Ligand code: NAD
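As a starting point, one isolated chain is supplied in structure tokens, in the form predicted on its own.
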Amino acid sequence: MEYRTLGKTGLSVSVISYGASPLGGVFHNVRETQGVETVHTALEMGMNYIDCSPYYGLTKAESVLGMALKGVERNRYILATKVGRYGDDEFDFSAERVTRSIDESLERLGVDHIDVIQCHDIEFGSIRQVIDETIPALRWAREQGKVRFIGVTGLPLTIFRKVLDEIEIDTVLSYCHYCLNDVTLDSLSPYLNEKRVGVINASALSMGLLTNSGPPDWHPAPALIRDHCAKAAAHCRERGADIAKLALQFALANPRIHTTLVGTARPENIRKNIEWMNEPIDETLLAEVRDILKPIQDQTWPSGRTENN
């Protein structure tokens, strides 16, 4: 396993890390024992960064993760969770709610502190409130010893500049912006590096676009993006390859991204992803796939409030 330093936090994080959302049954029903085994497998194979949220499975993911971490030495993992999002359309970034949310997460996770606390999908709220109210509340929690570092997450890249231009934070979590079909996160790298911000990448498979099974019905990508990603996946199959493998290898190769989250509730997928990580990328296939994706390269979709896109 390779490790990189997460910005100015100084935390040494595995380049491939564990996204715990599937523990909440958000993709399919998951037996608790299977979820626990998956977390243990990730830790045993060197993944030390774990990302969760009370939103995932409406607190179930945190509860199952707490079961998995029971009895595990605290220095074996770096734990991240979130505040502000509690349902599909339930957002509350008020100081009172996020302060209470931290205590609730600590109880579910069975720990006395959270390493990285993140404001979840801030584009759905008021960026002004996040700057003026939410982050100061998280800083107060840090003074109490409940959290160590503070970050924000979301889809539109513009939100990160809006926050960082005004207030200091430690990490950003971006998704669907560093993958085969969209590398726009890289354009923000010089700015983030200047701010010494830890960069966490999620959805290297573009929420299912870069898989053989294709995206779920709820995926927000327009038809043109879906069609070209499906063509790229078919091309990989014709070459005896899996586009998911290529996509993961591509994302992990960028040293400006400190860690990339992989979400699964199956131990065998953890092992497979780490095997892929350690195999050389097929540069010829990569060039062919990127050529297929060129007509929709860096195209995205809106998320949250209009003014935050």
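When you see a residue number, it is the position in the sequence shown, counting from 1. Nothing here was measured: the structure is a model prediction, and the numbers come from that model.
Only in words, not in the display: the form predicted together with the named molecule, which the text now covers.
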item	value
Close approach of Met67 to the named molecule in the predicted bound form, 4.5 Å, heavy atom	no
Proximity of Lys272 to the named molecule in the predicted bound form, heavy atoms at 4.5 Å	yes
Contact flag, Tyr86 vs the named molecule in the predicted bound form, heavy atom cut 4.5 Å	no
4.5 Å heavy atom contact, Ala137 to the named molecule in the predicted bound form	no
One stretch from 98-106, 129-137, 233-241, 116-124 that, in the predicted bound form, holds residues within 4.5 Å of the named molecule by heavy atom	116-124
Gly7, Ile150 and Ile169 all contacting the named molecule in the predicted bound form, non-hydrogen atom within 4.5 Å	no
Position in contact with the named molecule when the complex is considered in the predicted bound form, options Leu261, Val39, Met47, Ala251, heavy atoms within 4.5 Å	Leu261
Answer option from Leu79, Ala221, Ala202, Leu185, heavy atom within 4.5 Å of the named molecule in the predicted bound form	Ala202
Within 4.5 Å of the named molecule in the predicted bound form: residues from 157-189 (heavy atom criterion)	Leu173, Tyr175
